[in-house]
Every structure is written in C-alpha cells, then in structure tokens.
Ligand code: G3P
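Next up is one chain by itself, shown in structure tokens, the form predicted on its own.
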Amino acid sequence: MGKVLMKIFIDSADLSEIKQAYEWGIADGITTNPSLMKKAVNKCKLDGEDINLKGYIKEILLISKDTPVSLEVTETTAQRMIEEGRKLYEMFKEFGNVNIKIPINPSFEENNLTHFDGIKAIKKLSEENIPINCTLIFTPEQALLAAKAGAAFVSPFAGRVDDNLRKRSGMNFNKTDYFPMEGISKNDNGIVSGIDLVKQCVQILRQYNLKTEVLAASLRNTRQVREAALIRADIATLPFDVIRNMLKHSQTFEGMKKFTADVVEEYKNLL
C-alpha cells in the first residue's frame, strides 16, 4: 500500500485566499489565529460589510468543506483555556471539523507558574473528545508531551526556528529567505534548522506509534515545503503566497512558450 500524501493546510483567515485554495483543489484544511482573524474581520468592516467574528468564522467553516479548521484560544491559564476551548467547540461543532489550538506552554517567562497549563488544557479537552492542535512547538520534547496529553496535531514552528538561529549567528535575512535544512554553525539544543525540528518530531512520534499528526508550521518558502514532504511531515500549513509560488519555475514558462510556438495549425484544427 502506498504512503499517505502530505496534506496542505492554508494558513490564513482571508476568505478570498481560502476560497481560491479550495478552488485549486489543493487545500486539505485551514489554520488560523486570533491576529489573522482580527485583521480579516476589520478589513471586511472597512469595506462596508456587516459581519461579526462569529459570522466570519462560520463563513470559513462553510468554505472548508468538512476539512479541519483550527481556531485558537486567547486565554493563558489552564482553566480559562479549557473554558474558552469548550465554548469555541460548542459554538461551531455543528460543522464537524473544528479543532482547538492550544499553546504548548502559555507562560511569558521562566519564573511563571503556568508552564504545564497548556498540557493540562490539552489533556482535559482531549478527554472530552475535542480535537486539539498544539501550537508554538519549538522542541521535540514539547511535541512528545503534547502527543502524550492527547493532541490530534502538534505544530512545530520551522520558520521561527530558522529566524532564531540566523539571529544568533548575526545574519542579515528576510523571513522568506531559504535556510538550509542541514543548518549552519549554530544550533538550538541540537536543533540545526526548522525542518530539522519537524524531522525530529516526526521521528519520535512515529517511533512510538503515536497517532498525533505533525503539522509543519511557519513555513516561509516553497523549498521548505519540499523538505517537509521529504522528511514525511503529515501536514504543511502554508501562507497563500507560498502556495501560489509552488508551481512557478522559469523553465516551465520557457517550455510553454516553445510548445505553443511549435504547435502547427493542422494540430490546432484537430481539437
């Protein structure tokens, strides 16, 4: 039996982008966050549309055609994340495809007392059969704990890991620049790149036959998408611009020009 293909989620709250991705036939789900959602709703209001956040989320869920949609909590303690997660799920569960995004660690600094509140929320909500996408994963051990707590998805942030490593190395860069999978001289506790983080998460969860899917997040360019597929990530969640660039290559354009120039009139008449 063949391997299951890597799924592609669109990382957006823009209705036009989401609609286009589904019309192209390549979208297998959607990831959002409160910042993306607020920006999209405000844009609609500026354009004169009468819509609120609840109505906007329903629009996204309708477009998604039963594929997974991740909605993120905004609270930062276990009890409040559990309460907010329940409310979000109950509000939209009729659509049958809502996943609740919970941060692996909602603490703001080292001496906070809430480091395990994300795990507590994941475990409790998962026990209530609410599917969880655990976000802000930056180490394989975080992914392991989230999987043990019952998360349906873990989201290692590849692009942000690359940014951190480049900053440590004093590199000048744009966020969309490619960073090598094999890394450079710097590493973050044995993680040499964002794709390496995704790879280690995949290896650990597969080694123990955990059902949690690895969702490669914060991908910034098409080569990262290729590498996420090579290391067998279950899912890649992509900004619209990255999806749009996946089919582009100069030689494809040149090939099309040559092909159309070479087509003779007789061949055209056959069609």
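Because the structure is a prediction, the values reported are computed rather than measured. Numbers follow the displayed sequence, beginning with 1.
The following text describes the form predicted in complex with this ligand, which does not appear among the structures shown.
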{"item": "One residue of L36, M246, C44, A229 in contact with this ligand, assessed in the predicted complex (non-hydrogen atom, 4.5 angstroms)", "value": "L36"}
{"item": "K148, H115, R166, K175 - the one with a heavy atom within 4.5 Å of this ligand in the predicted complex", "value": "K175"}
{"item": "4.5 angstroms heavy atom contact with this ligand in the predicted complex for S70", "value": "no"}
{"item": "D11, heavy atom within 4.5 angstroms of this ligand in the predicted complex", "value": "yes"}
{"item": "4.5 Å heavy atom contact, N221 to this ligand in the predicted complex", "value": "no"}
{"item": "Touches this ligand in the predicted complex: R160 (any heavy atom, 4.5 Å)", "value": "yes"}
{"item": "Location of this ligand contact in the predicted complex, chosen stretch of 22-30, 57-65, 199-207, 212-220 [non-hydrogen atom, 4.5 Å]", "value": "212-220"}
